[in-house]
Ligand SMILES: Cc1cc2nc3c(=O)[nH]c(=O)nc-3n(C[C@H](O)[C@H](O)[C@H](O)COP(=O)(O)O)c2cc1C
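Presented below, as structure tokens, is a lone chain in the form predicted on its own.
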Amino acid sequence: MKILICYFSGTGNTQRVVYKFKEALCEKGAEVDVYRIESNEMNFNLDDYDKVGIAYPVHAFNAPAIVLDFAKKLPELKYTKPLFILNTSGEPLKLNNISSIKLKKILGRKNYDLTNEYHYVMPYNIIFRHTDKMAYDMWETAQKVIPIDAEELLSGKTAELDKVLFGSLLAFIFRVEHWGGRFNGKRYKVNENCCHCNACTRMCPTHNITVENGELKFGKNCIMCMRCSFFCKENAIKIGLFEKWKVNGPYTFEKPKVEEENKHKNYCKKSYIKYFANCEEKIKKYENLKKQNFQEESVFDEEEVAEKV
């Protein structure tokens, strides 16, 4: 089976998930190509693939504008092709399940048939910084769940996220973030810490940051991916109206030797507990099933040997 995964990742969380998913699929014998949406080249032929995946970080309970624009550019197919979606967010709220509604409508009209959708919780790059321990737990959990989901996808078994009441209406309302991102992005600024390395201009997925007369300028095409402010080594970028929510510096995803105080331990507490518990149950169920299948195969082999003797 040949699979194409097209993805957008603001600060790397979705990219981590995509490449782990690719690894799991390849281990099961699939051939997987990965396409980075922001490259804008579309140097692939969809007729070459049995399944197509779209992966993205959830922005205000929606797919990012750059992902929807990409979907609109995808060709209309003559025959139905299976589609799967991978998305990530910083909190395990059920509202995240509405993020693909607009994307599904766009692609559904072009004969892409959604069969599987999976959501993984990864650490925030805006709102607040998760502790290193929480980031480690999130990634460790994802790495255990992803191979299960990949095997399910290859088996032909479908998987959908729970529906949300008035989901389409809510998704429509929250898509104001697409306009809001452009509005707020023009209000980005740099402070005196800026060393003029221009890393932000090179990494911006929409080429929204330019240099004019030696000064950084922020345009009207910001999608609030947070890549520039998150990776700025000098912590020099001020993110407009959301400055108090800024998160600067990448996560290591390593288990910390000393656990730091979690200042946000009550934030979505029940949702996080439920998410990790559900993942643990899924992992145990999968492991028990594998163990049972192994035992049955062992018994079958013993009986086969006995018959030959």
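The shown structure was predicted, so the numbers you read here are calculated from the model rather than taken from an experiment. All residue numbers are counted from 1 along the displayed sequence.
Below, we turn to the form predicted together with this ligand, even though it does not appear here.
Note on the interface: of 191 to 199, 84 to 92, 204 to 212, 156 to 164, the segment with non-hydrogen atoms within 4.5 angstroms of this ligand in the predicted complex is 84 to 92. Listed residues C225, A150, A171, I237 were compared with this ligand in the predicted complex; C225 is the one with a heavy atom within 4.5 Å. Of the heavy atoms in E117, none are within 4.5 Å of this ligand in the predicted complex.
The shortest heavy atom separation between I101 and this ligand in the predicted complex exceeds 4.5 Å. Taking the partner from the other structure, this ligand in the predicted complex has no heavy atom within 4.5 Å of any heavy atom of G185. Within 4.5 Å of some heavy atom of this ligand in the predicted complex lies at least one heavy atom of Y124. Although this ligand is not shown here, in the predicted complex the stretch 176 to 190 places heavy atoms of just one residue, E177, within 4.5 Å of it.
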